[in-house]
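Shown here is one chain on its own, the form predicted on its own, set out as C-alpha cells.
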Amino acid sequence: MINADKALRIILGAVPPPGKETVDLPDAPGRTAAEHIVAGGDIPPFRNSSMDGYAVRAADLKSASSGRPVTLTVAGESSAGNPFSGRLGKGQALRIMTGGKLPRGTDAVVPVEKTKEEGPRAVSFHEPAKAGDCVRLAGEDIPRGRRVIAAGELITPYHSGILAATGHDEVSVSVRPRVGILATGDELVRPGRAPGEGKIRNSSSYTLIGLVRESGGRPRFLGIVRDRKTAIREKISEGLAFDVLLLTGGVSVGAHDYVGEALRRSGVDIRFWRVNIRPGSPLLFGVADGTLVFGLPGNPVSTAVTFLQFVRPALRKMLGRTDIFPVHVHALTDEPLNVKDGKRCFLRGIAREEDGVLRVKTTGSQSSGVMTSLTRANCLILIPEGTRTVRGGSPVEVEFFHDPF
C-alpha cells in the first residue's frame, strides 16, 4: 500500500503529452488552449469616445467657465462605424457618439450633458477639458502582439469575445481524452430497471460520466459486466481502445473481485494497487499501450473521491491544463473530527464564510455508501496520515469541488 502523493506521482508520470486539433471559435469555450494566442491587432483598434458628446481640442477650452463659456463651431459628426474623415482645426468641435472614432486634431471628449447647443452649427462649453477626457486609446485594452490566452488555459466565453475581437475565427485546442467507463458486479442493474432481490441500480457510472465531462474528457459508458473472468476480460479488451479506461468494482480482496487478474491477463502493467486513503483504498492503476487504466472502488462515494484525487488531475494533464490541482485552503472546523485509522481521510464538508472567517462542517455520516454526503457537500476536508483526532475550532485543509475564486 502506497500513500496518495506517491500514487499521484506515478499516475501523472504515465500521462502522455496532449494532442492538438483546430476548432471553430463558437466551439472553443470549455476547451483547453493548445498554444499561446496573441492579439493580431490593437483593442480598441483606434482612439474612440467613451461618451456621447463632442470631440474637441482641450486647449480651445482652457478658459471656459460658467460665466464665460467658450463657443466652438460644429464641423460634423462621428458615430460608431461612420467616422469623420477630416481634421479639426482650432475653434472647431465634432459631435461624437460612444464608440465613434476621434478625428485628427482632437484630444478630448466633453459629454453632451456638459454642453449647450447654440444652433445647428455651434456648441458652447462651460468648463475646461483635459486631454484624454472620455477617450479610449488605441490598444488601451490589448495592444497588438500581447498574449490573450496562454497554452493550458481553459477557454471561457469571455476569451471567445477577445479572440473574435483580435481576429481569430478558429483556435488550436487540446484533444479531449476518450474515456471508457465499465461497471462490474452481479448486483448491478440499469437505472430504469426495478432491482430484484439483492440487486442495486448502477449509480457510480453516471457520476463518472458527469465528472469526466466536467473534467474535459469524452465519456462513453461501456455497460455492466458480470463477475465472470472471461466476460470481464472481453470488456477490458474493448475498453483498452480508449485513452483512459475506468472500471468500478471488483478491485478489492473479495472472492469475486476479478478485475486485477483480468487486467494483468489483458496486458495491463499494474503500477500500484491499494492506496493509504479513506475512502477508496482499493484503488488500482495501470498502463497498456498508452491507455491509462483505473480500477476504482464500487461504493459511490469512494468512486467519486478517487476520481477527484487521481483521475481528474490525470485528465487535466492530458489536456495540457496549467491548473491540474484543485484549490486548497484552510478553514476552522465547527466540530471535532475523529477518524478510524492512520489513513489520509477525505471527509465530505460544507464550507462557508462567517464574519470574515472560513469555517467548515461535515455533511453528517461519512459512510462510503451515503451518496447524499456528496450532494450536500461543496468540499472535501483533508485529514493527513497519522492523524486520528482534530479538535473543534482547529484549522483543517479544505479542497473545494469547484474553484471558488
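The first residue of the sequence shown is number 1, and the count goes up from there. None of these values were measured; they are calculated from a predicted model.
The form predicted together with a small molecule exists for this protein as well; it is not shown, and the discussion that follows is about that form.
This chain is drawn without the small molecule; in the model of the complex, the residue among Q309, S204, S78, S174 with a heavy atom within 4.5 Å of it is S204. Just one of P313, P103, P128, P300 comes within 4.5 Å of the small molecule in the model of the complex, counting any heavy atom, and that one is P300. Shown here without its partner, the chain carries V23, A34 and G152, none of which come within 4.5 Å of the small molecule in the model of the complex through any heavy atom.
For S215, no non-hydrogen atom is located within 4.5 Å of the small molecule in the model of the complex, even though that partner is not displayed.
For the chain shown alone, L284 is not a contact residue for the small molecule in the model of the complex, no non-hydrogen atom being within 4.5 angstroms. Residue contact check for G180: none of its heavy atoms lie within 4.5 Å of the small molecule in the model of the complex. When contacts are judged by a 4.5 Å heavy atom cut-off, L137 does not count as touching the small molecule in the model of the complex. Here the chain stands alone, but in the model of the complex its contact with the small molecule, taken as any heavy atom within 4.5 Å, falls in 243-251 among 158-166, 67-75, 243-251, 271-279.
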